[in-house]
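Shown below, as structure tokens, is a lone chain in the form predicted on its own; questions about how it binds or moves come after it.
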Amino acid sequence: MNIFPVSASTFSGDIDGLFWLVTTLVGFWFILSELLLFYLIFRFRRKKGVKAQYIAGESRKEMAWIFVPLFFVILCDISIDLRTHSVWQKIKETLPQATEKVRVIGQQWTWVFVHPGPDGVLDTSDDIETVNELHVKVNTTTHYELQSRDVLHNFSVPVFRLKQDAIPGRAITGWFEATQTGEYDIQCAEMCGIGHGLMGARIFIDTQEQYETWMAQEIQKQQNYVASK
């Protein structure tokens, strides 16, 4: 059974692996402690003619019940920390060289995306601006520049396992590399106001040919708009 959404980025498998590691270790100790708790409740339940015994927990045998599990729990914590650090370093601290760039702007309650035009450079006259529709190329390292025009938002692409806060007054750079084509959800994962639930968008992961076709259509729309003025 696959409980995750489609995996469509180069680092989504690392996030899924981290999830399973935490779930397995925490689940193991939860089940073990609950089984032990109910066993002790049943084993030492009140019995007629048997006087209760006060245990101070000072003997070596009694202290072993505390420190032996504690030792193994700490080992589990260390293994989670080591794995988390390596995944964080790969996704957040390493910025591979960009092949493409896009600007992502959150505002109440929509997403605005600025794509570079045919010159491949942002902030030039051929930029293509879209609302709630992001286009990227498959197998291409893309840098995103994330901004907010009003309040705190969160740029979330579930199929990438990507979540990043958009903070007013800051431009945050991150990256992703899509691994398969398709059309998927973009969400705001931060409660940003009364219209938060409506702040959804779509990401289109295109082949090179699909991307060029889309760009040509957008350029034609812009030219038609200018001509109609």
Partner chain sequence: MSKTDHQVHPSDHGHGHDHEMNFWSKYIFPLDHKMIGLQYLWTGLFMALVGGFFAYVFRMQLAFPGESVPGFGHVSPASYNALITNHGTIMIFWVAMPMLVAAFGNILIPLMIGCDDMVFPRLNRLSYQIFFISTVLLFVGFFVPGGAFGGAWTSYPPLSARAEYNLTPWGASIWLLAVALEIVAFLLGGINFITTTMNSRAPGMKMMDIPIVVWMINIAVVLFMFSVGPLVAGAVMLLFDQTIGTSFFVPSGGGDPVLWQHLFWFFGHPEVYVILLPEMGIVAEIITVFSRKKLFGYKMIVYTTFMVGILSMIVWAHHQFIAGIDPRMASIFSFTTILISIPIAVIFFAYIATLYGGSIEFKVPMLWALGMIAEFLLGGVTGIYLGASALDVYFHDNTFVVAHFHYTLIPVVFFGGFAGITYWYPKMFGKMMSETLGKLHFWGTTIFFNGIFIPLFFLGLAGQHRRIYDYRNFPDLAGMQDLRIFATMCLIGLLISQIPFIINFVRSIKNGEDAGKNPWKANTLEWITASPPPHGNFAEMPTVYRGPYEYSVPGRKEDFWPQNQPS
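Since we're looking at a predicted model, the values are computed, not measured. Residue numbers count along the first chain shown, from 1.
The discussion below concerns the form predicted in complex with its partner chain, not included here.
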item	value
Residue contact check: residue 164 to its partner chain in the predicted complex, 4.5 Å heavy atom	yes
Residue contact check: residue 22 to its partner chain in the predicted complex, 4.5 Å heavy atom	yes
Distance check, residue 18 to its partner chain in the predicted complex, heavy atom within 4.5 Å	yes
Exercise: residue 74 in contact with its partner chain in the predicted complex, heavy atom 4.5 Å	yes
Contact residue in the predicted complex, chosen from 151, 138, 98, 122 - any heavy atom within 4.5 Å of its partner chain	151
Per-stretch contact check against its partner chain in the predicted complex, the hit in 129 to 137, 113 to 121, 99 to 107, 76 to 84 (non-hydrogen atom, 4.5 angstroms)	76 to 84
Contact set, 197 to 217 vs its partner chain in the predicted complex - heavy atom within 4.5 angstroms	197, 198, 199, 200, 202
